[in-house]
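Take a look at this single chain in structure tokens; it is the form predicted on its own.
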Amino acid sequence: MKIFLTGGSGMVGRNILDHPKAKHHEIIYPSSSELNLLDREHVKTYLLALKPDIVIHAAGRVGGIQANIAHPVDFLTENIDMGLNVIAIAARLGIQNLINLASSCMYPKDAVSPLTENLILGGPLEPTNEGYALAKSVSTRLCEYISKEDPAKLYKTVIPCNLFGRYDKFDPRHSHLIPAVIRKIHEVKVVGGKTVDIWGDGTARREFMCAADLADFIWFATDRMHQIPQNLNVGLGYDYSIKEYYAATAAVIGFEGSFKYDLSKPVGMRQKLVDVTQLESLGWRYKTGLTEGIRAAYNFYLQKVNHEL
């Protein structure tokens, strides 16, 4: 297949490109300097010339709690513009297959876990990442509308749980939980520190899957577009507490100090666990365990730090 991949330089995109199945297809993944996804006419001209068999929309402005709180306007407007430009233009140009990468932050903040796909837009969103969640909800609804108007167009939305892994962002201004914890614990250990701060009381629960496993599912889906539901959760089906992620990361890094809880910091939703009933019915399951995934992410971080030095 000729595949147009947005976000090819991001964590999900690079894991898609690293997958063994990638070598069997022609994958076009322009950088932001080659294709500005915020420029509607540029996207239209590019896709018109390319004529891909399938679009995988993995691009987006992403970040953790700090980044979302600091820049809600950018998270809302940039992600909406990218989604509308890529998805709507692909549909108007007659491209029949598209996989849209959304986020479990689209689910209502008060929804009871596990979160089923029919809960999307079923209530108020978590305020700490509302802008990003609204943008992803728009792209998800757009795919639904396109497929409803023209059933021949298979525009499917994949809703991953939280992700981590190789090619992650480790800058605390932009990173999610696990890469932020990796960097924090590593830096405390290097200077001989004995205490690591945790935002909140550590009891909030999160579901994190290795990005390489999401990439594996994306390739699984490209061969089964007719079988994939309109909206589909992709995750583990179980979660861990924040303090358990810190403990697992400390064990991998070899940090033997203690943790200090900062109750003044925001922690977001108390639990965010996706329902994987539809996913399991397709016969796909994740492959990477937590410790293995953290070790791979930590090794990547060490390579990145050594490269920067």
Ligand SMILES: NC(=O)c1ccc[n+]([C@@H]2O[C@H](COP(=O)([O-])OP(=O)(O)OC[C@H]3O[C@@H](n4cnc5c(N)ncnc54)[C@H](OP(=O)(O)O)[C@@H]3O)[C@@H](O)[C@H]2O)c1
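Residue indices: 1-based, along the sequence shown. The structure presented is a predicted model; accordingly, all values stated were derived computationally and were not measured.
There is another form of the same protein, the form predicted together with this ligand; it is not shown, and what comes next is about it.
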- Name the single residue among 97, 128, 162, 233 that comes within 4.5 Å of this ligand in the predicted complex, judging by heavy atoms. 162
- Task: With this ligand left out of view, choose which of 54, 67, 273, 35 has a non-hydrogen atom within 4.5 angstroms of it in the predicted complex.
- Result: 35
- Is residue 183 close enough to this ligand in the predicted complex to count, meaning some heavy atom within 4.5 Å? no
- Query: So in the predicted complex, does residue 293 come within 4.5 Å of this ligand, heavy atom to heavy atom?
  - Reply: no
- Is residue 288 a contact residue for this ligand in the predicted complex, using a 4.5 Å heavy atom cut-off? no
- Query: Applying a 4.5 Å heavy atom distance criterion, does residue 153 contact this ligand in the predicted complex?
  - Reply: no
- Message: Among the candidate stretches 143-151, 162-170, 115-123, 191-199, which one is within 4.5 Å of this ligand in the predicted complex when only heavy atoms are counted?
- Response: 162-170
- Tell me whether 178, 210 and 246, taken together, all sit within 4.5 Å of this ligand in the predicted complex, counting heavy atoms only. no
- Message: Using a 4.5 Å heavy atom cutoff, which residues in 79-114 contact this ligand in the predicted complex? It's fine if the answer is none.
- Response: 82, 101, 102, 103
